[in-house]
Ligand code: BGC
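Only one chain comes next, encoded as structure tokens, the form predicted alone.
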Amino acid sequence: MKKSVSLILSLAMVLGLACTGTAFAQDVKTVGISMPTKSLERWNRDGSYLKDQFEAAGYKVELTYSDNKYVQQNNDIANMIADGVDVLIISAIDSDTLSPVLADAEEAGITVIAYDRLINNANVAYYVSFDNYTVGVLQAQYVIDALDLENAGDKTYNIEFTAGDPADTNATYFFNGAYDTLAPFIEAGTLKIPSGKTSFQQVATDQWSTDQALENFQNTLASYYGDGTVLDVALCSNDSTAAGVAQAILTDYAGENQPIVTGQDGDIGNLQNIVDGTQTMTVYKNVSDEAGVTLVLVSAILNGETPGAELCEQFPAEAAFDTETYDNGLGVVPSYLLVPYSIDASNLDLLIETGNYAWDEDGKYLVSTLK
């Protein structure tokens, strides 16, 4: 299990760094934060938490959301470069479209941190994310355990996949982690895929759209399950796609069973679905952990340090330093990877322990405590 997160402790740690001259120097540093959209709950959480943590540590912050439009994101970043920000923290809408504007950032001497999503073919100093392949592994392992696939014998189960946005570099890691883990059971015939959709491209969902996931899964159900074929698992890479798939199952699936539905992020609506039983699990990635690690990293950079594995000891959460996995086309980007974990109806209280959620007045549903 990950380290417990304490906002007070992480801020105290960063304030200690600030006293060396980073954040409370006479020349206050400015951090530019570019988030992809407000249309997905998780990016509102990330942007808000990053802004709050950096401002509490004494930095100025410019925060933009780009409405899932890569041209707007390029313009937003260009404006922050023109404003003279000292560091850029970017979660890319399209990981392949930012190299020209980030060449301007490099020329201006601005350090670029890829946040949660890797940026391709650009000078990126560091990448902060979760172990994205492990996200898929956790979803797959949940299925393996829930169906006891190791001891299935001659019994077979039907599974369908819903993956994420092709423009998001993380999406293939999520899908591959899940598919690779389940591949032995697929090859053995224990898991069957009636639709035959076995590649990422066949099940990708543009912009992680709930509506598109709903439509795609309605089509799958109509084409391959309309004759009463049982669906046992709908493996969805994140919560926004899981919401669409769960709705399709509710309205268009003729089977009497409730399929396993996976997700990722811990969106409030999806947690309610877990309580209600229309979604089975989600892989949680603690936004406060990711923001806290980013804060310590940026503070070290602005303090003139060249961070490496040793910085992990200063983080408010467990993270590994990776210098082998994430090649963005110009070379491997040094990466700090946090640890995700599985949440289902049996361990929802783990989310309460993060400080980011609380039970509602009736003690039934979780509500977010973040702004």
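The shown structure was predicted, so the numbers you read here are calculated from the model rather than taken from an experiment. Heads up: residue numbers just count along the shown sequence, starting at 1.
Omitted from view is the form predicted together with this ligand, to which the following refers.
(message) Counting heavy atoms only and using a 4.5 Å cut-off, do R45, D289 and Y357 all touch this ligand in the predicted complex?
(response) Answer is no for this spot.
(message) Although the partner isn't part of this model, could you tell me whether F217 comes within 4.5 Å of this ligand in the predicted complex, counting any heavy atom of the residue?
(response) F217: no, not in contact with this ligand in the predicted complex.
(message) With a cut-off of 4.5 Å between heavy atoms, is A319 one of the residues that contacts this ligand in the predicted complex?
(response) Although this ligand is absent here, A319 would stay clear of it in the predicted complex, with no heavy atoms inside 4.5 Å.
(message) L40 versus this ligand, in the predicted complex: is there a non-hydrogen atom within 4.5 Å?
(response) L40: yes, in contact with this ligand in the predicted complex.
(message) With the partner left out here, check for me: in the predicted complex, does some heavy atom of D265 sit within 4.5 Å of this ligand?
(response) Answer yes; at least one heavy atom of D265 falls within 4.5 Å of this ligand in the predicted complex.
(request) Go through Q279, Q139, N238, S299 and name the one with a heavy atom inside 4.5 Å of this ligand in the predicted complex. (result) None of the other options qualify; the answer is N238.
(request) Just give me the single entry in D76, E160, D94, D116 that has a non-hydrogen atom within 4.5 angstroms of this ligand in the predicted complex. (result) By the 4.5 Å criterion, the partner-contacting residue is D116.
(request) Select, from the options 228-236, 257-265, 195-203, 270-278, the stretch whose residues sit within 4.5 angstroms of this ligand in the predicted complex by heavy atom distance. (result) Contact-bearing stretch, as computed: 257-265.
(request) Any residue of 155-180 with a heavy atom within 4.5 Å of this ligand in the predicted complex counts; write them all down in order. (result) The stretch 155-180, when checked against this ligand in the predicted complex, contributes D168, N170, F174 at the 4.5 Å heavy-atom cut-off.
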